[in-house]
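Listed next as structure tokens is one chain, alone, in the form predicted on its own.
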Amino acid sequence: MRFSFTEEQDMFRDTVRDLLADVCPPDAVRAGWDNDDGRVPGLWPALAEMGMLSILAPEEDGGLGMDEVDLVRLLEETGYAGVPDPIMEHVAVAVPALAEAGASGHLAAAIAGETTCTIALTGGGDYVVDAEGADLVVVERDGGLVAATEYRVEPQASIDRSRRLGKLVAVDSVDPLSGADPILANDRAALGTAAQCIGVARRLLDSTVDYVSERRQFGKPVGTYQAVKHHLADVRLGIEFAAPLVHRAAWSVAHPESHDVTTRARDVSMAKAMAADAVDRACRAGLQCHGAIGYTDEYDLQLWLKRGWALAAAHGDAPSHRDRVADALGI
């Protein structure tokens, strides 16, 4: 096993980071609260042109033929930027499921950025991210996966207004995705969510360090006080312990030949549990260190607080994934 990322993987990560900083700043995320589709204008075609939408699609189908190890840190960057578009659902779950099922028509449109896909899996609960705005939903049904293109949605209120939710109330037209594994799809969703949790936690830590370095009390920066340092050190430790587990889980998903499904499930659940804990700790410490201003809608911190707590619970919260780890270990 290689324990470090390659130079090419670092370059891809840096390129995505620069794009998101330019196209998806906090003002663009905030604008998604009230616009028609909740999306960032121009972001989806830019990601398609860069190749991010096609990372997990085979080369013979027009994709990049990469794997989850190549993708995992890019998803961290989407968490760091607070991307409101359903990037994890589309790239990490729907595209490989369409590829595995040989759904070439749907796949070609998805990797070109002509359509947007989202997911409705049992591990994700009742609500679907961007159900109204998506063109296709990969739905788990009767022990398999289907691609739904005609469906009806009941919008649901979300505390994170840039992460629009809906409930599928009827599915009128589906294409079976024979060959796509629903258990693997759920693991991919949990892994992708864990990666985004790491990105959100890092954004919260960076924002809080900047704030306590500038905010002065009793004649000196708040960040010089030992209690504040301890809070932020705990956040940093949580991130540094969780991130390698997320990267390991990405390797486990990408290399099924090296282990069985139980081992993959263990690794994914360890990653999601630790990443959920890390982002929850980052949210709590960030809010406490910011004080009252952290509660306000006008201040950008709340964008990542709400996203962090939403992602911590998405596709299985920390206790449920710890139970799964215990099952895998036979305890």
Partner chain sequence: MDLELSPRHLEFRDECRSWLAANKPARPLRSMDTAAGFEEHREWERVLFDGGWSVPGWPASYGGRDCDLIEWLIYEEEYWLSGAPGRVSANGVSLLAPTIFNFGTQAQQDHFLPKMASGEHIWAQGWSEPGAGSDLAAIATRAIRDGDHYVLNGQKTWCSRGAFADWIFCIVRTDPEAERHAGLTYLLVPADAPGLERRPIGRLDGEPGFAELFFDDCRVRVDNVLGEEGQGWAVAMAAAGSERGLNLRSPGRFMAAAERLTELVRTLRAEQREIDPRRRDEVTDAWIRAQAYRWQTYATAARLMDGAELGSEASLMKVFWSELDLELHATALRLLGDRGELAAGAPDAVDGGRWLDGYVFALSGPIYAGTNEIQRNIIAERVLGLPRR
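Numbering follows the first chain given and starts at 1. These numbers were taken from a predicted model, which means no experiment stands behind them.
There is another form of the same protein, the form predicted together with its partner chain; it is not shown, and what comes next is about it.
Exercise. Tell me, which of 209, 168, 174, 183 has a heavy atom within 4.5 angstroms of its partner chain in the predicted bound form?
Worked result: That would be 209.
For this session: Report yes if all three of 251, 306 and 317 come within 4.5 Å of its partner chain in the predicted bound form by some heavy atom, otherwise no.
Result: The answer is yes; 251, 306 and 317 each reach its partner chain.
For this session: Answer yes if any heavy atom of residue 132 is within 4.5 Å of a heavy atom of its partner chain in the predicted bound form; otherwise answer no.
Result: Contact check for residue 132: no, nothing within 4.5 Å of its partner chain in the predicted bound form.
Exercise. Does its partner chain come within 4.5 Å of any heavy atom of residue 142 in the predicted bound form?
Worked result: Residue-level check for residue 142: no, no contact with its partner chain.
Problem set entry | Touches its partner chain in the predicted bound form: residue 274 (any heavy atom, 4.5 Å) | Yes, residue 274 sits close enough to its partner chain in the predicted bound form that at least one of its heavy atoms falls within 4.5 Å.
Exercise. Is there any non-hydrogen atom of residue 261 lying within 4.5 Å of its partner chain in the predicted bound form?
Worked result: Taking the distances in the predicted bound form, the answer for residue 261 is no, it never comes within 4.5 Å of its partner chain.
Exercise. Out of the stretches listed (80 to 88, 145 to 153, 191 to 199, 122 to 130), which one is close to its partner chain in the predicted bound form, meaning heavy atoms within 4.5 Å?
Worked result: Flagged stretch: 122 to 130.
Exercise. Which of the residues spanning 226 to 252 lie within 4.5 Å of its partner chain in the predicted bound form, based on heavy atoms?
Worked result: If the 4.5 Å heavy-atom criterion is applied to its partner chain in the predicted bound form, 226 to 252 yields 226, 227, 229, 230, 231, 232, 233, 234, 236, 237, 240, 241, 244, 245, 247, 248, 251.
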